Each structure stands twice: as C-alpha cells, then as structure tokens.
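This document starts with one chain, in the form predicted on its own, laid out as structure tokens.
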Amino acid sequence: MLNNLHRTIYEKGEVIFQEGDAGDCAYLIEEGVVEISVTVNGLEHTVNQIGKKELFGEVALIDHMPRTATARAQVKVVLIIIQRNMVNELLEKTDPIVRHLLLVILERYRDRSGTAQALSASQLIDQADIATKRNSIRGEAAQKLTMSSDIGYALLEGEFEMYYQPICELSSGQVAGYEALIRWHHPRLGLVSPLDFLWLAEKTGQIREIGFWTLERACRDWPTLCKSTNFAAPFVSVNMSPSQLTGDSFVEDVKSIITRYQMPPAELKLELTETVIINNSELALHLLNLLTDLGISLAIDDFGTGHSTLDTLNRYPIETIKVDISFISTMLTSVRSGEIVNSSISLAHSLGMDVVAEGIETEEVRNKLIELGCNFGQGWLFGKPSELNNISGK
C-alpha cells in the first residue's frame, strides 16, 4: 500500500480492509476495481465488484461500527480517502429527523449483516457514547415528527387562529393597519408560540399551506378589521415565507384568494425577509413584480439584519421597510443602534418608502422616532396581538 496525500494505492490482491476492522473512513475509487466479500460459515463469498467513481466503506462515516465486509484490490487501484471528520460537521448540521432515519436504516442493516468480531473494551466505551448521542437524536427526531404530524392535523381541524397587532401612525397614534400573526391552540400543549413551530413547518414544506391559510384568513377578516380604523389608506400585513415564492402559481394563488374575498389589493401588504430574495434573486424579482402589478404592496421585514439591504432596496419593488426590534429596543441606549435607525429612516424616505418601527414599548422611543421622521410603529405601546373579536373600533 502506498500513500500520496489523500490518495492510497493498493496493488492487485491487497486487502484494503477486513470484516471486523475499525471503520474510520470511506473510499472513492479513482482507478481500478475493488472486490467486496463477506464470510459465511467460514467461507469467503464475493458479493460485489465496483469500479471507477464508486464509493465504498461509507457506512463507517456515519455509525462508527466495525467493517461488515472485506474489500480487496482486484487490480491495482487508486483510492481517494474520505475521512470521517470531513462529514462529521455536515452530519451535525443535518436535521435530526434525517440523521435519525439514517441511523435507523444503518441499525437494521447491521442487524441483518452482523459483524465479524466482538468489540474491544475501548470500542464498547465508544459505542456507549455513540448510543447516548443516538438516543438524543432519536428523541429530538421523534419530537419533530410528532410536531409535524400535529401541524398537519391542526390545518385540517382548524386549530390555528389569527391574531392582529395594530400598526399605528406615530404622529397621531391612529391605527393605520394590522399585522396578521398566526397562533396555535394545541389541544395538549396549549398556546404554542409561532417560534416553536413555524421553523419546523419551513423545513417540512408545511409552511406553504400555513402561509396561504394566513393570507386567506386575513382577507376574510379584513372587512371587519378595517372598521376599527379611520385611516385614509388602511392595510393588513401578511408574512410571506421563502418557500412560497417558488413559481408563477404562487401569484395565481394569491390572486385567487383576493378575488374570492373581494380584498382590495391596495389594502394588502405582503411582508418578506431578505432570505426570500437571496435564495433565488431573479425568480423573486419576477414574482414580486407580478404581485405589485396586481396592486399589492411589499414590505421588507427585519430591515438591517440581512446581508444585501442596499441591493434589495435598489432592485426590488419595495414600498415599506420595517426596522427590526433589535435596533428599536436599544436606540436610546446604543449610539450604533440609534445611528442605524436614523440612517434607515433617511434612506427609506429618500427612496420614497414608508418606515415601520417594530417593538415600540415606551413613549420615549416613540417620540424619538417621530423626531427622526418615522411614519409608523407597532409594539406593546400601541397594543398586543389580539383576536378579531377583541379588537374594538378606534
């Protein structure tokens, strides 16, 4: 066997690894052919022959168990070594559900194939540590799978509810509009925070159905909701997920909903984060232009926390920016936050955009924002999110 950096050369007939050997890497065949064999009743049987660009020994990258087969060079082979530490970080970042499924598959494979030799004492210790980690992954995966199932059931059984938080004109305090915020009254867990389920819905794709449910409910409620404001140009804001902005059918679905509920497009504002744009900038530009062609206005949420803010304002048909609560809450105590808020407001106004400040809790913050020329604000100073039947006329 000859080593050359991350490549290893084996001559014809040379054993690469044997059943029962510690598995700490996988191999990619760059040149040659490798024979894979297993021992049954003391006799070795060839089960596979693999060639160029094929991967073998990959199970060891995931489950840290001994080899279940023997690999031998059938001719001279050149192998690229893939060390376990190269994939450990990727596995750590992989969703626990995916990791759990991988481990279940591997455990069943191990049960079926067995191993050629008993584990040493050190291997038993390693396996105990790995088992502890697996149990943790299994528990998290089970929790996520259960929650995902519950989300699907909640959509079918009407467990989700819509709450509305007022967005007020800062100078007068008059309610100008509302942000639609989903809430989940889980039959066992009680009121579940959106932070505890929307991220999972994003991963599972259920966020698309939740997003359209939210839009439909807001449009349905708007005739009642808009009676609570005398603002000249009232509006309701609905959050849009990156997963929704995937094709022209999204625009058609939005159009269908606003038509069904006779929602005036000019009174609907869709809020998006820069993630929506970063994921697929050209498609986003196309679809957002189609939305504004319908008369719908767009707002950038969490302004100042993204990575391409100036490009976003320059290229996309944005009419409103929402300055993130992290800056608003510290603007009176942090010079940097104060400058960010001031600059954001000035930049937005220079581009003809409105500004909404998020998370206003005190009159001092409100007064400072008025001084800086901010148009609108929302936060507990003006009202917490409430159910429709609890919102009275202003």
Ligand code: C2E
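All figures in this text were calculated on a predicted structure; none of them were measured in a lab. All residue numbers refer to positions in the sequence shown, first residue = 1.
Not on display, but discussed next: the form predicted together with the named molecule.
Taken together, the three residues 172, 225 and 321 all stay farther than 4.5 Å from the named molecule in the model of the complex, as judged by their closest heavy atom. Only one of 228-236, 284-292, 252-260, 180-188 places residue heavy atoms within 4.5 angstroms of the named molecule in the model of the complex, namely 180-188.
Of the residues given (243, 297, 206, 165), 165 alone sits with a heavy atom within 4.5 Å of the named molecule in the model of the complex. In the model of the complex, at least one heavy atom of residue 198 sits within 4.5 Å of a heavy atom of the named molecule.
Looking at residue 354, you'd find every heavy atom of it more than 4.5 angstroms from the named molecule in the model of the complex. Residue contact with the named molecule in the model of the complex: residue 194 places a heavy atom within 4.5 Å of it. Although the partner is absent here, residue 361 sits close enough that one of its heavy atoms falls within 4.5 Å of the named molecule in the model of the complex.
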